[in-house]
Ligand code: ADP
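A single chain comes next, written as structure tokens; it is the form predicted on its own.
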């Protein structure tokens, strides 16, 4: 490996990034100084860089302990793609293959070696480690060492012996999910008392969180998945049967989805995972076992069809979305009955302490699902982090335009029912009484004879549960924790009743009410979260680049993101780099990738740009982004052109010109943009369900019919084969425009 004078040089030459993310440089310096570290950083925050750069700067081998076999392969593929000699040893290799890897490591031909934790219990492997004597030990998913965490693995307890065998070697423990209690346990178990703790924010600003009643799940799922038809999504289910039934339902509705669970044949599981990683299958319907080892950065949607059993698990599973920093959605479909499924299995646990811990974590998860407090704040506070913002701008609660209603009467009825039933029951029982249920327990207790029985006719059970949650948030109701949590009226609640106070609460949704509009509403507010991704780009070029990336990846037998991530392609499609120097400024373009892929990508970009008279705009792009970061400005302008001063967002301006029946070329000239950029805006607004005047742009029925046939034959993901099928009389712009109409009409007709 070449020598480097600084970590920043390594970052640029091998990984193609010009600056570190928060805390990375401090963590790297701590490791290079021989000190231990506990690193808590959210998924997608750049944990791997923290040990990969010291590995390249230190003599000898860096040992990385990871419990995830699939993740090891993805990490090694990515490192090798950046010119870094890395290998892994786990149960997927034969004995001969393991001997080969160990021989390479002994000869100094491997800089980073990934191993599974159970490997450390084998005497032969321990002798191998003594021979190579690692210079750095990194322990990924370090929360697995703590029995207080949500993924305790006994094999991780063996890691403490590494400290005894290699007392002078720095240890770096890394995790994305650890409460304060788990953090202390990691430090104790790994004997990191003299080490330094690096605690990054758990906040994932590019993720949007929402919770919706499960009753309308199919309509919500179909709408959400169709809006992201060409993007990667994971849907988590409780059982194997659910994964298969839901995947079958989605396929019947015209969506490509595969089930994934432990009951499938190993060959089928591996193929499904491989197809997902390589963008051949967009939707995976899976049990929570899926995704543990997935290092796929461009997952745009994670749906929990069933309630997770803990907030740690939920945070980790949603953390698989948007690892590239681009916007992604996390949707939880909640039904109270899902809690009973988990409770049944918790009741089977024999260890009392373990059972109580599991029940406590499940109760916190239910609190999150039922609460009308900011989702982001709830997650961060669970991990001990304060969130001061009133409105996070990225969850259903904060994005919902609160239409308050006079809740005085319904609140009086709810509080009265809690008191009349003796403040000894949970929300479900109180709701049954209020709605006049004749359930056996209600009758046995005589609660069908109470004056509050059946007094609520104009709210369904879901709405009543939301009202109860809001009354808890306002301090009028309290929930007494225990094996069976119960509701009680607080002193403030009694004053409300006695003094006949008035009360307004936020609008509550009916169980049958759809949520697609809410999902669309929030997306534009997180559209440019990543500081590395441009707000505007040429959609047609982006698709062409995706096609080239996939072609190269298939030839090399690696996932597409190993070649380049979406952020890199978006920057290329925004700036049109046309020289080796400008291409090297793109995020993710290191020296190795520049030499290996530069000419092929540059050739495509040059051909595309020159045929349209587009200039290289990399200098302006990065100057503009740097100015925006320094000044905090929100001026997402195209860099290579000067724009007129205007009011409203860039999308509002385009919509206004559409309403005046401007053509695409006229809008492009008026706005000093390319037609490709304008079409990209139309595509994103169409995906979001934005109302637009488009009828005057519709191609003739005959042209649309020909384009529809070509899309069916060639598939709609990449435009180049569609254009080749149709011939030169059809332009890329016309194909994209027709596709917008076809998708709109297809959705409306189903």
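As the structure is a prediction and not an experimental result, all values here were calculated from the model. Residue numbers count along the first chain shown, from 1.
Not on display, but discussed next: the form predicted together with adenosine-5'-diphosphate.
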Counting only non-hydrogen atoms and a 4.5 angstroms cut-off, does residue 17 reach adenosine-5'-diphosphate in the predicted bound form? yes
Test of understanding: in the predicted bound form, would residue 47 fall inside 4.5 Å of adenosine-5'-diphosphate by heavy atoms? yes
Interface membership of residue 10, adenosine-5'-diphosphate in the predicted bound form, 4.5 Å heavy atom rule: no
is_contact(residue 42, adenosine-5'-diphosphate) in the predicted bound form, heavy atom dist at most 4.5 Å: yes
In terms of non-hydrogen atoms within 4.5 angstroms, which of the given stretches 61-69, 47-55, 690-698, 703-711 touches adenosine-5'-diphosphate in the predicted bound form? 47-55
Among 447, 323, 472, 377, which has at least one heavy atom within 4.5 Å of adenosine-5'-diphosphate in the predicted bound form? 323
